[in-house]
Structures are given as structure tokens and as C-alpha cells.
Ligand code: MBD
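Quick heads-up: it's one chain on its own, the form predicted on its own, in C-alpha cells.
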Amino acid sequence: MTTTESQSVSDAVTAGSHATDIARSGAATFRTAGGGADEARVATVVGAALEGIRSAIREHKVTYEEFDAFKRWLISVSDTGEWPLFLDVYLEFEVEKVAAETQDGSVGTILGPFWLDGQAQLDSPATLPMRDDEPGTPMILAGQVTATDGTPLAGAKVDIWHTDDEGWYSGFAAKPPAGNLRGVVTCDDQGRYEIHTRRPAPYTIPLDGPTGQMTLAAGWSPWRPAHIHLLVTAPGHRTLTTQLFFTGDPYLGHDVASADKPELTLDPQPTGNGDEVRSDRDFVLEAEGDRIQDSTPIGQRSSTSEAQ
């Protein structure tokens, strides 16, 4: 989200507080089967992570002044509640890559920290909640949700959220209003959905918090390309967590969260209704049992369907 002088509350603190509450509740565990880690697993993974940090200290001759600055930065991340933001921006894409190795169906990407539960339940065709004078280009996103064998998934749900035309997420800033441009859309009996919304805008991660400050200090771009978040679900099938991007966006290939993929790029076309545009995107969900029965990485086995 871009930072503006009109923002009355620190964006980093507001967004961090919301994202931390969600992460603390464990709401994101719908993405994969849960399970506690055993002692050996903890020792292996945490040990490797710590050794990576120790190796950086040795290789780059980190000084006490730099070490103290690092401790202050960690405290600042905690004080602002930005741990979900930092982890989702700089680490989640690697976790998603590992998960994708044993997943069929449509291409996914990271969830990010800005999902909210309890949003408006809508039937397709649906118009997302928005202000009467909602700025931005009117846009229709439509398609069909099927199983890997092509069977339409009647009543599948498409949970969708994205920024407004200024790069703000509802629920994570002083504007726009709660629930704006968010909703859970139920597909028809053929698994088809049609969602009327506004085209989102690119945005920076919060720059007034420690994650943004670290990003700028390193000379890295803080921008995310414009995108639409989606969780696509159907009973008995793996939840698809994905995002959709737009051709021509100047930040494609330079996403601070490393979440953009060529397979996830839309090319909206005019509908002839004013400046309205439309993109069609189908989604394929794998059955939950398919992943359990065959854990061989997708690249080493034949798939029953081509990911969309």
C-alpha cells in the first residue's frame, strides 16, 4: 500500500496489527493439512536457518554495531506486528514452491497477509461490495471451476480480495471502508462464476514500518504489481491459493514478494460497455486424495490435466 499524507493512522501499525491477529488465530491453516513437528524436524530446520545467519555473519564480517542494529530492527518488527508481512514478502514464496512440487491443478502462489475471514457471501453473477463512486476501471472476472478430469464443480466458492484504484486494502488501512472489494462468490451448478469489480492498482508494501525501511535500505523495489487474490474451494478438493496479474504492469518481474508468474497473467479486453474490461480464467482443483496417494513431484510424473 502506498503511503500518503492523508493517512491518519500509521499504515504499518494498522496493517501489522490486523495481519498479526489473523496469523495468531491460525486461519491460514486451510491451505494445507496441519500437524505438529517432531523434535528432529525442529532441530533440522531451525538449525539450518540459524546456521545460515551465522554463515552470513562470518562471511561478511558483521560488526557489533550492525548486530545491535539488527536486534533493534527485530524489536521494531515485533512492536509494529509486521512479522506476517515480512515473512510473507520475503519467505512465503519459497514455501509455496515446495508445496507446488506435489500439487496438480491450476497454478498457485502465495496467500500474503491481507486475507480476511467473514466477508460478504455472494451468488454468481456477483458484484463485489464497493462505494457508490468507487474509482477505477470496471472489470469482469469470469470462468469455470472444474476437477482435474474436467468435471464441473457445482457450488465451488471463489474468495476474492484486492486493492482499490489507489492501492489500499480494506481492513488494513484507514481507508477504504470495511469489506470493500472483498467477497466469497458461490459458483453456479456448472461451476461457473462471474465477478464484477474494479481493476486494482500496484502498491508498495508499507514504507513507514521496519519491513519497508529494510527494503529501501537495501535498495530493493518495494512495489507489488497490481493483482487479484483468490482462494478457490470445493468440498473434497484442495484449496487453490493464487493471484492474478495484468499484462503491461511495470512491476511484473520485479515483485517484492516474488509471487508473480507468467501463467498467472491476465490480458483484460474491452467489453464494449464504456471503459469496462473482462478477463476469463478457469480453475482446476485436484481432489484431496490425489495428493495423498501420489507424492511424487509433478515434474517426475504424468499429469492428468494441464494446469491453467
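Treat the numbers as computed from the prediction; the structure is a model and nothing was measured. Numbering starts at 1 and follows the sequence shown.
Omitted here: the form predicted together with the named molecule. The next part is about that form.
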Given the named molecule in the predicted bound form, answer whether the residues I195, R199 and R281 all have a heavy atom inside 4.5 Å of it. no
- Item | Contact test in the predicted bound form: R224 vs the named molecule, heavy atoms, 4.5 Å | yes
> Taking the shortest heavy atom distance, is H237 within 4.5 Å of the named molecule in the predicted bound form?
Replying inline: no
Non-hydrogen atom contact G191 with the named molecule in the predicted bound form at 4.5 angstroms = no
**Asked** So, in the predicted bound form, is G108 in contact with the named molecule at a 4.5 angstroms heavy atom limit?
**Response** no
In this chain shown alone, the residue from P129, G81, G171, G112 with a heavy atom within 4.5 Å of the named molecule in the predicted bound form is G112
The one residue among V277, L252, A257, L264 placing a heavy atom within 4.5 Å of the named molecule in the predicted bound form is A257
Only one of 174 to 182, 118 to 126, 84 to 92, 149 to 157 sits within 4.5 Å of the named molecule in the predicted bound form by heavy atom distance, namely 84 to 92
In sequence order, the residues of 193 to 224 that place a heavy atom within 4.5 Å of the named molecule in the predicted bound form are Y203, I205, R224
